[in-house]
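Next comes just one chain, in structure tokens: the form predicted on its own.
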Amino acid sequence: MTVPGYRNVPAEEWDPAATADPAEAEEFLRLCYNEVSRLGPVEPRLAVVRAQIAATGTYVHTTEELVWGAKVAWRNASRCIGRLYWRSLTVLDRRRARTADEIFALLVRHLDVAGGGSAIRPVVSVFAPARPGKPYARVWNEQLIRYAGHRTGSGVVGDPRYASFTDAVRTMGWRGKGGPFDVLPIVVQGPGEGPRLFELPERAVRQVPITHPELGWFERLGLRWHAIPAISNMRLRIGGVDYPLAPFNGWYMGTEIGARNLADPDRYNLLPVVARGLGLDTSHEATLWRDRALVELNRAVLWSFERAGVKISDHHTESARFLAHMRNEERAGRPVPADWTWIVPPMSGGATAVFHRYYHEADQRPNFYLDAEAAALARGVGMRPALVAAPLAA
């Protein structure tokens, strides 16, 4: 199978009413018990799983299977350049949480574990799996921490990517301060419940002011970015069992912020602003004003995070680490799925080693998937205000 999203190939549509695939379950368990030798022989476990699927349409992972499966899903994530440390992933088993209040409390705890101290740790929180034909929990936000996009008569204040989502949560009662970096509320939907809004407490949202090591005027731009990139709307699939709510995070590569979030024309579009501050000639493209502004914006991001003691990586270092990951996997006899269009950094790609090669294109499981409905909800499409309670204080 091709990698979901690779060259715009759509992911296989998920059917929440479908039963677990016994063949996929067996493939996963044989791989798991082969790589984790302390688990012992796999045949007795296979017999139990086959019986569970026959009786209920699904089966229950042991804690060891869940932990290993989540780590391998990161190992198989074709769009992630930071997979060298897949074994270090902290897996939080949250399968017992049911209500929106319980789920939100554990989402806050996820952020605490991921970045509550001096380091940023890779963490995944795995909530209850979907059962055939039964309601399941999910978070509608694309990430646990993102900034609102407030529509005004003169344009969008904040992040235009989330303008429609901001519109939707405003109809649910949320207002925000109308600034460029208002943290969006979390929309949590428990099994069988309507969606509800929750405000993240300030202590859970670690943010870094963006300044520059040499350019004093940079501080006057009032820029900032959050420290933890926690994806919250992708479905984790392990051995034929789907976990619709499994938020996960690593740490930022600087270009994600400096070359995309703050630089893209349909996001914060700061390259013209930085170019003016630098006094560059923007009258025509051949002056390479965009490139020069891009470098200084990315320098500012890296310097600011390092100054604040928040873990971040530059794209050259991360490219070298990815090739080290590939060598490790090749020695283990495992292919490395990768989407070239995501692995190559969005800045100075040709100057990195990952640019100059091709990659294995495959959908290896366990893995994470973005479903069309989840993507639509993250854009604010399909939200039903009548089902939503008033915003809750954290």
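Numbering starts at 1 and runs along the sequence shown. Just so you know, these numbers come straight off a predicted model, no measurement behind them.
Separately, the form predicted together with a small molecule exists; it is not shown, and the next lines address it.
- By the criterion of a heavy atom within 4.5 Å, Arg146 is counted among the residues contacting the small molecule in the predicted bound form.
- At least one heavy atom of Ile231 is located within 4.5 Å of the small molecule in the predicted bound form.
- In the predicted bound form, Val187 stays away from the small molecule, with no heavy atom inside 4.5 Å.
- The small molecule in the predicted bound form is approached by Met253, whose closest heavy atom lies within 4.5 angstroms of it.
- Checked against the small molecule in the predicted bound form, the residues Asn261, Ser304, Thr166, Ser319 give one hit for a heavy atom within 4.5 Å, which is Asn261.
- Heavy atoms within 4.5 Å of the small molecule in the predicted bound form are found in one stretch of 287 to 295, 123 to 131, 244 to 252, 95 to 103, which is 244 to 252.
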